[in-house]
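Before any questions on how it binds or moves, here is one chain, the form predicted on its own, in structure tokens.
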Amino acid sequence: MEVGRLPISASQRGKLIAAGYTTLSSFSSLSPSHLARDLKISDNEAAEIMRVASHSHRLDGSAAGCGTVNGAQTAWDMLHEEEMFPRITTSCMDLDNILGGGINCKEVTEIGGVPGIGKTQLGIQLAINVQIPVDYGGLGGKAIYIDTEGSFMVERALQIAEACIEDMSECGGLLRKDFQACQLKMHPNNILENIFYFRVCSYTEQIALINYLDKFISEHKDVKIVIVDSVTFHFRQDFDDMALRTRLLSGMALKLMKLAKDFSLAVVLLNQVTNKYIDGSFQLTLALGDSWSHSCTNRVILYWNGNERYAYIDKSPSLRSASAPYSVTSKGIRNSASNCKRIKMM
């Protein structure tokens, strides 16, 4: 059971979340005095919170029964499901190829890189491409875009949406009458209406929102991607207690993994870079530390190679390590200019 559903005051729930206690199990083994110290409240108030939590946990367990043990799925069914489920294209064929066809649903994919490499551009591209109709090989879904930095540009989203419709018109995969019906649905204004935008200004807001997403997605079942841009921003400042930060990040990562699995959607986390001292020198690495690197299913690093942008599969249980060039154009993410020239020459 989530802390956000406990029948306690809003201020008490806020203190629990801010201290890193997002689920009942995260503080079930603590003493009231320990919880009181973490929340900066009296021992009596902490004891009452734990009493309510214990009672709610028993009720939740009784209602669930043995349901969590049931519902086993065979590995064959899992493989068939993965093969049948379409991926979200990045609009760059080379990048899609190393990703096995695009961004996979039911997984958490972390994409990180230096400023200006195109992380936000890729995030906006995915928020639009997830809406490509099923008849065109898309998911026909909607997107949630969580903006922690204020970097989302609605004008840019409109520009990429217009380019997406233009690409579909050139595809010619359907009869003209079908495309005309699709064109009405895929109007740029409609595409923007299908992106649910949340602006968060602190780590407590970020955690509270992610804890609320299961309820929101239950009410908007056609959401097929959640993008956090960036997952890092509010966790790189004002943190003297690194143990608290690790606990908060761990709880958030588990919540996002559960969302991806329960709702069969893609979670994309955009990350920043930092300097790390490795083998006698400082090297660029993705932020949030080594423990965070295990929180995602796939990790993609974006980097510069001369004047050209590249994406590298740094970690994945199913994809081999590989690199691919890509470009950020007026139409959005596309194949690299040099690769397009090579294709034309062939």
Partner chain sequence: MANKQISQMGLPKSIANVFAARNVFTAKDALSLTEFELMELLDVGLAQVTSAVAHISEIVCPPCQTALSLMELRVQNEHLAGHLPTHMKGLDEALCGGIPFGVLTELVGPAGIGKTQFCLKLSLLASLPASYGGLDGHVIYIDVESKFSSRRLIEIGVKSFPEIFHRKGMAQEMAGRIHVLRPASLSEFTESLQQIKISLLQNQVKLLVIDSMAALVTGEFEHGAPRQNTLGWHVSFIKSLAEFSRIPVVVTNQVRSQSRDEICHYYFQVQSWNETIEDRTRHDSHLVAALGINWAHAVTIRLVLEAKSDQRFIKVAKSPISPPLAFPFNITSSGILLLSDDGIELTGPDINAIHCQGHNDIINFGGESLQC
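Residue numbers count along the first chain shown, from 1. Just so you know, these numbers come straight off a predicted model, no measurement behind them. The term rigid core refers to the most C-alpha atoms you can superpose between the two forms while keeping them within 1.5 Å.
Same protein, other form: the form predicted together with the partner chain, not shown, and the subject of what follows.
Report task. Consider the chain as shown here, without its partner, and state which of I41, L30, L284, M50 has a heavy atom within 4.5 Å of the partner chain in the predicted complex. Result -> Spelling it out, the residue with a heavy atom inside the cut-off is L284.
Query raised in the report: Tell me, which of I165, L209, L254, M93 has a heavy atom within 4.5 angstroms of the partner chain in the predicted complex?
Result: Going through each option in turn, the one that passes is L209.
Report task. Would you please decide whether I301 lies within 4.5 angstroms of the partner chain in the predicted complex, comparing each non-hydrogen atom pair? Result -> Flag for I301 set to yes.
Query raised in the report: Is there any non-hydrogen atom of P317 lying within 4.5 Å of the partner chain in the predicted complex?
Result: No, P317 is distant from the partner.
Query raised in the report: Is there any non-hydrogen atom of C105 lying within 4.5 Å of the partner chain in the predicted complex?
Result: Because no heavy atom of C105 falls inside 4.5 Å of the partner chain in the predicted complex, the answer is no.
Query raised in the report: Using 4.5 Å between non-hydrogen atoms, is Q121 touching the partner chain in the predicted complex?
Result: Heavy-atom contact with the partner chain at 4.5 Å: present for Q121.
Query raised in the report: Where does the partner chain sit in the predicted complex: which of 132-140, 157-165, 261-269, 96-104, heavy atoms within 4.5 Å?
Result: The contacting stretch here is 157-165.
Query raised in the report: Out of 196-210, which residues reach within 4.5 Å of the partner chain in the predicted complex, heavy atoms considered?
Result: Going through 196-210 in order - heavy atoms within 4.5 Å of the partner chain in the predicted complex - the hits are F196, Y197, F198, R199, V200, C201, S202, Y203, T204, E205, I207, A208, L209.
Query raised in the report: Cα of S330 displaced 2 Å or more between this form and the one not shown, core superposed?
Result: No, because once the rigid core is superposed, the C-alpha of S330 moves less than 2 Å between this form and the one not shown.
Query - Large Cα move at R51 between this form and the one not shown, threshold 2 Å, rigid core - result: Shift at R51: 2 Å or more after core fit.
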